[in-house]
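The same protein chain appears twice below, in two forms, each given on its own as structure tokens and labelled structure 1 and structure 2.
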Structure 1
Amino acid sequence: MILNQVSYSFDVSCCAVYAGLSRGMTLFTVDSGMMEDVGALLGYLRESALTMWVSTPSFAEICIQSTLFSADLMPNLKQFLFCGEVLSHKLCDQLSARFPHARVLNTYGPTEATVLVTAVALTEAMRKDTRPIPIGYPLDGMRLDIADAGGGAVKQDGVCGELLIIGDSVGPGYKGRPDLSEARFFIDTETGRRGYRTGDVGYRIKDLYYYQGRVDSQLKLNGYRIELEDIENNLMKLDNISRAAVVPVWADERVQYLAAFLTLERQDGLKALARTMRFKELAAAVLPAYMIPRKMIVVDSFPLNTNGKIDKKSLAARLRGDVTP
């Protein structure tokens, strides 16, 4: 039995549909109605007899808020496979404690390269490493290169650049958009195979690759260039923060300030202002002052879009019109 949580219009669903059904597994699909009631969802999962789990990390983070989400609920579960979002150390540690006999696989791949191009089964050493959770090793038939700002090859380990994917699974381009296809897709001169410029920033240590953020997630705030995902990753290092989503608040065509939406690992009994002040004090140890969000807003859970990812547009809409001159 294999779980599919994401919409069938989202490419991650291919991991469950094709990888599962081609092996004779039964597909267990979570629909939007189930996701609205976690209590009822856990009941469905108890009866599911799942052996493999395929979802975005955000969906697992919703489930793990319940202490019932454990190997006692799904004793047959042998493997988690995550794709589509950054996988956090905290979630990996929680899953390791709740499901000690289940492997956790982290994977990576854009739609333009026909879903997954890297994968890795996480080890305890990877969970304890201060670096981000790795996105994996290239799959058979795939090659990842790293390009610097000028398009040259980055050969040194640990140096960031844009991830380039080369292999037979890279698509032919965007239908009806030859301009965009020309900008993103290319033919590798060495092998003659198709390549894709992902717009993702990453680096490698030997043959293991790490995701560092998006080229287009950079923005300027008060003259400083910042990366939203870098802020999120550092906020999740703080005590009692389970997940963070940082959104910019715009006015007059520029970013006025940053707001962080947070889920907690446990209730702290603090009022909103006291909690914000506490998190800002903690954040000062891991972030420069200009990267600390002005607002820290605690939510019970994050809204998810149809792809099962955190819906940042919905979060930003909560702050629309809330700009202090």
Structure 2
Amino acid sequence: MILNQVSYSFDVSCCAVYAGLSRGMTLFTVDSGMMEDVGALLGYLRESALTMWVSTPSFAEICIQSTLFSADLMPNLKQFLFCGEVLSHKLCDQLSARFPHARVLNTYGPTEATVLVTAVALTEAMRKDTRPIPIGYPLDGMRLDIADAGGGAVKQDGVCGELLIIGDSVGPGYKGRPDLSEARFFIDTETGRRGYRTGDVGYRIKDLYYYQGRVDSQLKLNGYRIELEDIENNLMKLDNISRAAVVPVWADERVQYLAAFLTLERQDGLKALARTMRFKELAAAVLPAYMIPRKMIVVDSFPLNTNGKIDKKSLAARLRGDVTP
């Protein structure tokens, strides 16, 4: 029995559907309704007799909040496979305590390169290491290169650069977007195979790869791939918002939620809570629910950095309470 938690529109679902079904496993799916009630969800999991778990780390983090989520609940569970976002040390430690006999696999891959391109079964040494949890070794037929800021190859271990994926599963490009395809996809001159510039920053130690963030402002929130500029541009379409700056709030190596700092075109006389509710209502017309910032904070003006851009570091510091808004 194999769990699929992610939406079928998310390529990670292919792991459970194809790899699971082709090995004769039965698919156990969790729908969004089941996720609204963790108590009921744990009941389904108890009934499921799962042997393999495929999900984003975020989903396991929801489950692990309940002390019932342990090997007693799912005694047949042998493996967790995670993909799609950063797997934190905290979650790995919790899983190892609650499921001492289950293997934890971390895997990595963007949709453009078709599901997974690296994987690793975590060892205790990796869990105890001060480095991030590794994203894995390249899978058969795949190569990962690391490029420095000038596009040159990074050869030394431990030095960060942009991860480039070369191999059979890289797609031909974006449909109807030759401009974007040209910028991100390439043909590897050495092998003639397709390559993709991921925008992910990483490094390798021997042949094991580590993820270190993004070159742009794309991030993952609860497994969803999000561009902050996309949210900002959509918020600025709403009545009375003149400028928006969206800031991720991090804890335990992952984004917990988003906060939007906003300047208004005119005073609206609303209290903060009423205004947030109004903006959230309006935002629902232009953004999917997972992209609507949890906090909406109105400011008179934005702090600017030395380049004259909105200083998002200082906005993030306000949220942490380092500076009063």
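Numbering for residues begins at 1 and runs along the sequence of structure 1. Rigid core here is just the name for the largest C-alpha set that superposes within 1.5 Å across the two forms. Values in this document were obtained by computation on a predicted structure and should not be read as measured data.
Taken from the structure described as the form predicted together with ligand AMP is structure 2, whereas structure 1 is drawn from elsewhere. In this overlay on the rigid core, N222 has a C-alpha that sits 2 Å or more away from its partner position between the two structures. In the core-superposed comparison between the two structures, G269 has its Cα shifted by at least 2 Å. If you fit the larger rigid part between the two structures on its C-alpha atoms, the smaller part is left turned by 165 degrees.
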